[in-house]
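Single chain ahead, by itself, as structure tokens, in the form predicted on its own.
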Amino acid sequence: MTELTPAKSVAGKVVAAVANNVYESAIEAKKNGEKIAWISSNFPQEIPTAFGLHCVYPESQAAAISAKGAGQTMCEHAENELGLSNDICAYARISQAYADLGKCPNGEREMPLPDLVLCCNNICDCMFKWYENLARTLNIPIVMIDVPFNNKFDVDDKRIKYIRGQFDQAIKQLEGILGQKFDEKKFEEVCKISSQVGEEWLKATKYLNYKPAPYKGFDLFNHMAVATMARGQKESLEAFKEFNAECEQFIKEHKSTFKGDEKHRIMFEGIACWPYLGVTYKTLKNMGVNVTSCVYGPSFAFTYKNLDEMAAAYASMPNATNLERATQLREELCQEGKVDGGLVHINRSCKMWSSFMPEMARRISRDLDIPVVMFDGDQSDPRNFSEEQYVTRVQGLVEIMDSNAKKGE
């Protein structure tokens, strides 16, 4: 048990400002008559960036709307007014509701309606139907990239060629939609910046490996917005460099944004429950538990120099890989993060991610000899989360970790 001096992150505000600027710039561009794209989080954003296309992210918008308390209102609009099932991903329901309303009831994370949508399914197959419906509803073009689930341990050449071919087709489609030629030199420049941002972001995630950690793991959920939305921007590179320098300083001064004793360290698996971010974080913090391992953050640390390397990187997303490789990836992160246990979010919205979580949790617990517990929830729909269940599961996890710690003394 180690006492740290509580600290506030100034650099974290700089990172947040970069994310906010993505939306503000898009709003201004729309006013000036420029085209705007809605883009899925794992579409190869360097391609539209090389075209100078302003892109905004419905997933990040949905997370922000949910964190500010309007997730249920938007989900209910999608269900009651648009006829969508509540079995559909809550992000998709919020996005469809926003496209219909053109605004959010609480004014949170406003963004301009799109002139086209860009979709890649390497994080979720729901993306295709979600974005197809947006394109049909708004009567706008759609560019799709299919990244098949990888049932092998490594990404083979056939898969890379298949995905690369779709990158080439996407570029041709964008040339036709935007009325301009693809600038290879600009693309290479964007890739260089994007890779540097990816390296700095990966470095940022690894500061959680320090014991005690210089920041709370839940900070990752907020800062990763920049790694998602603005990888090809110099401002992102400078923001992450500033954040990493601050982490270095916190380590030297024995400071952390995690308040209190870091009694236990755990893996958090899955997307955050944005409507209950305060509850989920404070429950852990009050029991001295910090999240020091999470695949969600590092998964956006892309590095590549060209389209072939990009195809391999985008085919290696955690959700697009088989159980064996996905488990190994989590186990490595757990070992690096020096965790004592794991907490797995069985997310009603994210069925692809959650479907093999029980088996993955069992394997991680067995292989690393640590307790792993699961709780039911949702990334955006507050109706699918029970605070009492969550607290009870965390209490059980802490009791086992306490017992294991006493045995190790």
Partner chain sequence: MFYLGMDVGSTATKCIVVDGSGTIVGKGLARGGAGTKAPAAAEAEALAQAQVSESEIETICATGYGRHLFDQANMEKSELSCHAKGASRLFPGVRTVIDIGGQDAKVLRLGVGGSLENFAMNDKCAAGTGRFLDVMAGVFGCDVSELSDYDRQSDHSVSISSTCTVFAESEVISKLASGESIYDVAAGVHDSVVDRTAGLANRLGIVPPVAMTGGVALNDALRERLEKKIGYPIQTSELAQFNGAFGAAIYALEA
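Residue numbers count along the first chain shown, from 1. Since the structure is predicted, the reported quantities are computational estimates derived from the model, not experimental observations.
Beyond the structure shown, there is the form predicted together with the partner chain, which is absent from this document and is the topic of what follows.
Interface residue among 41, 384, 61, 49, judged by heavy atoms within 4.5 Å of the partner chain in the model of the complex: 384. The partner chain is not shown here, and in the model of the complex it never comes within 4.5 Å of any heavy atom of residue 24. Taking non-hydrogen atoms only, residue 400 approaches the partner chain to within 4.5 angstroms in the model of the complex.
The partner chain in the model of the complex comes within 4.5 Å of a heavy atom belonging to residue 376.
Though the partner is left out of this view, residue 372 does reach within 4.5 Å of the partner chain in the model of the complex, counting heavy atoms only. The stretch from 33 to 41, 50 to 58, 357 to 365, 64 to 72 that comes within 4.5 Å of the partner chain in the model of the complex, counting heavy atoms only, is 357 to 365. Heavy atoms closer than or equal to 4.5 Å to the partner chain in the model of the complex belong, across 386 to 403, to the residues 386, 388, 389, 391, 392, 393, 395, 396, 397, 399, 400, 403, ordered by sequence position.
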